[in-house]
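Shown here is one chain on its own, the form predicted alone, set out as structure tokens.
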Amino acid sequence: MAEHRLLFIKEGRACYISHLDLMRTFQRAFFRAGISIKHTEGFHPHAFISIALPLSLGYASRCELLEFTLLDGAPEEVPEKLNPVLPEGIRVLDCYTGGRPIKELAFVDYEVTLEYPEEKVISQAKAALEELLGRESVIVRKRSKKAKSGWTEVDIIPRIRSWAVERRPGALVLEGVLAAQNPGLNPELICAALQQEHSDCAPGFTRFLRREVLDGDGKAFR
């Protein structure tokens, strides 16, 4: 079990670093910073690290968590050593000992920006999205490796704890607290539901920001 945890930001061009490449990035960064951490055993050892709730490609985040075990030095020194050797868009905010079990991570606070090329569509899209999220049930098809057909159906409404929709110039902003795991809800499925139920209100471009990870009481998870 990992003994230490990093809290870090992933934004800008770094959003397009895949999960596996992000793991490799941190492995190299620990080495370049001269930070000794626990490695796996065997002929080809690699840094023993894991990232909770891996982000989809293109997502930004202010609250990513990476687990590892520091062998030498103090945790509070880690951000100062790591940040100079990390790529643009990735910045460590904190490093601490321990932390709550990842299984207690219950919700994720997202900000989803739906951009529209025409202002006249936004009011219609806002009403459509609010109507959709106000329903008791919305079934969406999504790809599944476990299903024989390659698809499964998901009711997104029970996995949404709270939501609010705000109009801004050229866009709608959806703020939503969604289930994190067992099972979680990818905010892309909300956009898929809008496309499915109100195709004329589908956005031209969508941006996703993970603002915070929360426990079952809705408090910041660390």
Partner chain sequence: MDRRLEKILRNVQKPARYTGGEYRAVVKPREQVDTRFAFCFPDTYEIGMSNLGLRILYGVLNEMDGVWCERVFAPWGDMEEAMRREGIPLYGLESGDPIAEFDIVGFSLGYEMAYTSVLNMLDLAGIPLHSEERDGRWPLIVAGGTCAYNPEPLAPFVDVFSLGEGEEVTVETVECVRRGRREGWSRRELLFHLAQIPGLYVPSLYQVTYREDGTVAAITPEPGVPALVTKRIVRDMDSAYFPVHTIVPSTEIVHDRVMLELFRGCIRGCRFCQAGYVYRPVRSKSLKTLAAQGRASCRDSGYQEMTLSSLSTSDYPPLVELCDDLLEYCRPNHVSLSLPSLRADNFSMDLMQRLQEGKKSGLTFAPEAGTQRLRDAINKDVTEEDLLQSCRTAFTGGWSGVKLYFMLGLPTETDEDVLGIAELARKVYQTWREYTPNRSRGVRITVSTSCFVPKSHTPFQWEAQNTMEEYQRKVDLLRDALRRDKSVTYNWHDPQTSFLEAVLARGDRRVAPVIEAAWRQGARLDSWSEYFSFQRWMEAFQACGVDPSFYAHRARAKDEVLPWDMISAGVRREFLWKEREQCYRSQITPNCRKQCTGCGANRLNGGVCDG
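Bear in mind that the values here come from a model prediction, so they are computed numbers and not experimental data. Positions refer to the first chain, counted from 1.
Although it is not shown, the form predicted together with the partner chain is what the next lines describe.
Note on the interface: of 172 to 180, 153 to 161, 62 to 70, 43 to 51, the segment with non-hydrogen atoms within 4.5 angstroms of the partner chain in the model of the complex is 43 to 51.
When the partner chain is considered in the model of the complex, Leu86 lines it closely, a heavy atom lying within 4.5 Å. Arg211 falls outside the set of residues with a heavy atom inside 4.5 Å of the partner chain in the model of the complex. In the model of the complex, Glu130 stays away from the partner chain, with no heavy atom inside 4.5 Å.
Mapping the unseen interface onto this chain, His39 counts among the residues with a heavy atom inside 4.5 Å of the partner chain in the model of the complex. Residues from 197 to 211 that approach the partner chain in the model of the complex with a non-hydrogen atom closer than or equal to 4.5 Å are Gly204, Phe205, Thr206, Arg207, Phe208, in the order they occur in the chain.
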